[in-house]
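Starting off, we have a lone chain in the form predicted on its own, written out as structure tokens.
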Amino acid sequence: MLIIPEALIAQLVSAEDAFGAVEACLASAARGEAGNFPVIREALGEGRQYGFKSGIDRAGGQMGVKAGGYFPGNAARGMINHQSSIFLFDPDSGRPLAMVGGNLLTALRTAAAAAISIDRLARPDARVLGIVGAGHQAGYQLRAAARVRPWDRVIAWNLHPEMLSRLEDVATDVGLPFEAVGLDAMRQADAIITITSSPAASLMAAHVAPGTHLACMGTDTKGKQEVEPALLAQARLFTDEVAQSISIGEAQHAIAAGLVQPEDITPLGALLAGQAEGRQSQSEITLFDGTGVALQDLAVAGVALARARARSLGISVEV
């Protein structure tokens, strides 16, 4: 088994690698060649979450599990709040192949999924990007979105506005004007990424203009919520996996309120595989509920493993 520490990931997997890997695994799932197993997710108190996401991609030759969660006290310890590791196994024999640091990979695959949804579902003339949230992953989201569309500017809101300066630095780095705004100003945005760990909705239907695409990336646990359920009822809905969307994703609240049915939600992979249509009008609101699925983690970890083997990197151990 090869141990690939977190410190090696940046030199092994690029944002472009993540984009291709995520796109491929979602399409594989739509074709029935890959699938996620049920998620185990537990609240530990004081905002801490821990769980396991696992699955198998027969087309990609990946099987494994990601163990990790969200620990809000980590920032005070000098660590990021999201902590995870990905374990890969041979899908034919079950033999352990690798333990891979999962922190950067999680950020890269989450940003890639949002960017893929923007690339496929935002209006062709979209020029203003909105971001709700300014935590660790927000910068990755901005960089990924900047690769798929030629934005004119970025507007952003965060519950704690003093954190927005870090996101402004990223916008400057990718050459985009940046403005901190109130939520009402999100109506100026043509695409909006929400990337928070909020337990209550902040973005309301009134904050979103017709024709907007939303990538809601923060809700991955029961009780989390970023947007008003009425907004989902107004939108054409897409997700990485319907089962997760309705149980632990943003759609859980609209489902509970009877505003949305599971059959109203289209897997993004079906669009990528040519099995479903994308945006149908310039005025339509589209929404991608990015819950974060195991297949994405396995896909990017698989890239890391292949590169580490090719470059003789990592720590080999007998198991």
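Quick caveat, the model's predicted, so the values are computed rather than measured. Residue indices: 1-based, along the sequence shown.
Keep in mind the form predicted in complex with nicotinamide-adenine-dinucleotide is missing from the figure; the text below concerns it.
The three residues Y70, G133 and S202 all sit with a heavy atom within 4.5 Å of nicotinamide-adenine-dinucleotide in the model of the complex. None of A185, M163, A243, L176 but one reaches within 4.5 angstroms of nicotinamide-adenine-dinucleotide in the model of the complex through a heavy atom, and that residue is M163.
The stretch that touches nicotinamide-adenine-dinucleotide in the model of the complex, counting heavy atoms within 4.5 Å, is 108 to 116, out of 142 to 150, 93 to 101, 108 to 116, 205 to 213. Using a 4.5 Å cutoff between non-hydrogen atoms, S84 does not count as a contact of nicotinamide-adenine-dinucleotide in the model of the complex. Among residues of the shown chain, A191 is not one whose heavy atoms approach nicotinamide-adenine-dinucleotide to within 4.5 Å in the model of the complex.
Mapping the unseen interface onto this chain, S198 counts among the residues with a heavy atom inside 4.5 Å of nicotinamide-adenine-dinucleotide in the model of the complex. For T291, a non-hydrogen atom is located within 4.5 Å of nicotinamide-adenine-dinucleotide in the model of the complex, even though that partner is not displayed. Residues P199, S202, M217, G218, D220, K224 are the members of 199 to 224 with a non-hydrogen atom no more than 4.5 angstroms from nicotinamide-adenine-dinucleotide in the model of the complex.
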